[in-house]
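Below you'll find only one chain, the form predicted on its own, shown as structure tokens.
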């Protein structure tokens, strides 16, 4: 059974790169263009792993993580943050919100796939 991965990023280019990487690795892939859209999509998909950007319009990654953790169906779903940000305080804030891991863009496709397998257990 292939893993289902849900990626939330406001950059169309980044969504395409993530989708390409996930499909090449044999994952099922679902996409959303910001945190608000991500919450709407979560009503209809049950991902094994969630990937989210931090800086997005409407609802940023922190708000998305908070809202995802507040839902019974996704409270324990692993969440990887994929962002250009790399400061220790933002990483700590993401961990406090409930993020499982942190990957800095631009990402290495192999490392992303390994990280997904690692957090998916």
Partner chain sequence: MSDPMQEIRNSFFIECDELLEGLQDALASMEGGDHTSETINVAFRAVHSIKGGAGAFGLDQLVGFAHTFETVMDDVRSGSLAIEEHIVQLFFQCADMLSDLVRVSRDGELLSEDEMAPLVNQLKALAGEDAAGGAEPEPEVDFQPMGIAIDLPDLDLPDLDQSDDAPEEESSAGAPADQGEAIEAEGADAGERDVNDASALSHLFEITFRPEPELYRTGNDPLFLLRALEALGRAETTCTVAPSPDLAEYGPNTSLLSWKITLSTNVDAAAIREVFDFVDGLCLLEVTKLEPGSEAEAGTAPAQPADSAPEPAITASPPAEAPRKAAPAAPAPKPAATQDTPPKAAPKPEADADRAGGPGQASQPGATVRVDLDRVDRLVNLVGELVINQAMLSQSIAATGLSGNSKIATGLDEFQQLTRDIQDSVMMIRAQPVKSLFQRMGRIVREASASVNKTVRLRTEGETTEIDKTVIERLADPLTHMIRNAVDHGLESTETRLAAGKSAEGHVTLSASHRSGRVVIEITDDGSGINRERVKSIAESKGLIAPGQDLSETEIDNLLFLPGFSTAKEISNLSGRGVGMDVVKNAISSLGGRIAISSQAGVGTTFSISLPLTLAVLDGMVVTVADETLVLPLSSVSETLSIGPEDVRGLGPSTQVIRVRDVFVPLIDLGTELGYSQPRSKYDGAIVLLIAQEDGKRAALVVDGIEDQRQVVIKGLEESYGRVPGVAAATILGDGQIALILDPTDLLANASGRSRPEPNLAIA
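Positions refer to the first chain, counted from 1. Note that this is a predicted model, so its numbers are computed, not measured.
Another form exists, predicted in complex with the partner chain; not displayed. Remarks below refer to it.
Residue 39 falls outside the set of residues with a heavy atom inside 4.5 Å of the partner chain in the predicted bound form. Though the partner is left out of this view, residue 78 does reach within 4.5 Å of the partner chain in the predicted bound form, counting heavy atoms only. Of the heavy atoms in residue 56, some are within 4.5 Å of the partner chain in the predicted bound form. At the 4.5 Å threshold, heavy atoms of residue 45 reach the partner chain in the predicted bound form. Shown without its partner, the chain has 10, 11, 12, 13, 14, 15, 16, 17, 19, 20 in segment 8-25 as residues with a non-hydrogen atom within 4.5 angstroms of the partner chain in the predicted bound form.
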